[in-house]
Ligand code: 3PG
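Here you get one chain, nothing else, as structure tokens; it is the form predicted on its own.
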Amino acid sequence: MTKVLVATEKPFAPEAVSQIKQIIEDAGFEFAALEKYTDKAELLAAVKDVDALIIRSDKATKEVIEAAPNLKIIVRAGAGYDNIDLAAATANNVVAMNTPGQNSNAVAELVLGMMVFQARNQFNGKSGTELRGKKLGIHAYGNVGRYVAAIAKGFGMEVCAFDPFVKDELIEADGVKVFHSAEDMYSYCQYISLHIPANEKTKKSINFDLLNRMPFGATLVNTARKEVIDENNLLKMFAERSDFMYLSDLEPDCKEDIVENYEGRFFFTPKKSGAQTAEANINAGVAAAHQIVGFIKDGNSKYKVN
């Protein structure tokens, strides 16, 4: 019997687990769960006889993959998949998938929530500013970017986007202004929302030259990955632009320097929170379960990433 393991150091909500279990068992598969584990050895032991694996932020390393000789598919419940060793998966004939779009609205609402929080001086009682009429640039117009655009338009913002992989007409159909270079968009927008993946081309690509092009009141919102930020340049931006603010859904490595020197100009969530809603938690887990059943039964590899 096909065995499916849900391995989550940070567990899904109970309702999500219940729905995942139902989907797996309705397909005639065996369901197993490893939750709140604290030692990698527990994960290595748990995968030894599984055919399929669902994870969240857990690391599917080469060691984990090679400890599972029956493993056919890993699904990361979420959009990012840099916690899966894709080379090891491919070398061991394991299909790796993500669940794009399932967390998108949750992340987008966090983006606008942080923007409102900062625009109102973190609700410290002092007069703030409004988002209406401000220009927002969306760097990468994927699933999350589209939701950000829709919500921001509701606030009355002028929404722009740069994404060389999305056709102009698709962006323009959403009432969003297209830019064909990041430099031009950053020069135009007071707010930038980052949604680029972390890869060899994008790591440390958000640098001083790019950020310093932003108009007065520059606010960078990062719900992507910290690796895309050149943190030395980030500190330089803080030092040279007293109007610059940085809002992030993950703490930068240079957090201590920022906290010590730039009070009121930053906000970092205590842990990655973009997908931390009941709805997103359920959506991503259920999608992962359906994708495993579709792959095992019908060979459907629509969301394969390796």
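Because the structure is predicted, anything quoted here is derived from the model rather than measured. For clarity, a rigid core is taken as the largest C-alpha set superposing within 1.5 Å between two forms. Start at 1 and count along the sequence shown; that's the residue number.
Below, we refer to the form predicted in complex with the named molecule, which is not included among the displayed structures.
By the 4.5 Å heavy atom rule, the three marked residues 56, 78 and 103 all count as contacting the named molecule in the predicted complex. This chain is drawn without the named molecule; in the predicted complex, the residue among 46, 245, 275, 258 with a heavy atom within 4.5 Å of it is 275.
Stretch 78-86 is the contacting one of 213-221, 127-135, 110-118, 78-86, since its residues have non-hydrogen atoms within 4.5 Å of the named molecule in the predicted complex. Proximity of residue 10 to the named molecule in the predicted complex: non-hydrogen atoms within 4.5 Å are present. In the predicted complex, the named molecule lies farther than 4.5 Å from every heavy atom of residue 226. Applying a 4.5 Å heavy atom cutoff to the named molecule in the predicted complex picks out no residue from 276-291. In the core-superposed comparison between the shown form and the other one, residue 37 has its Cα shifted by at least 2 Å.
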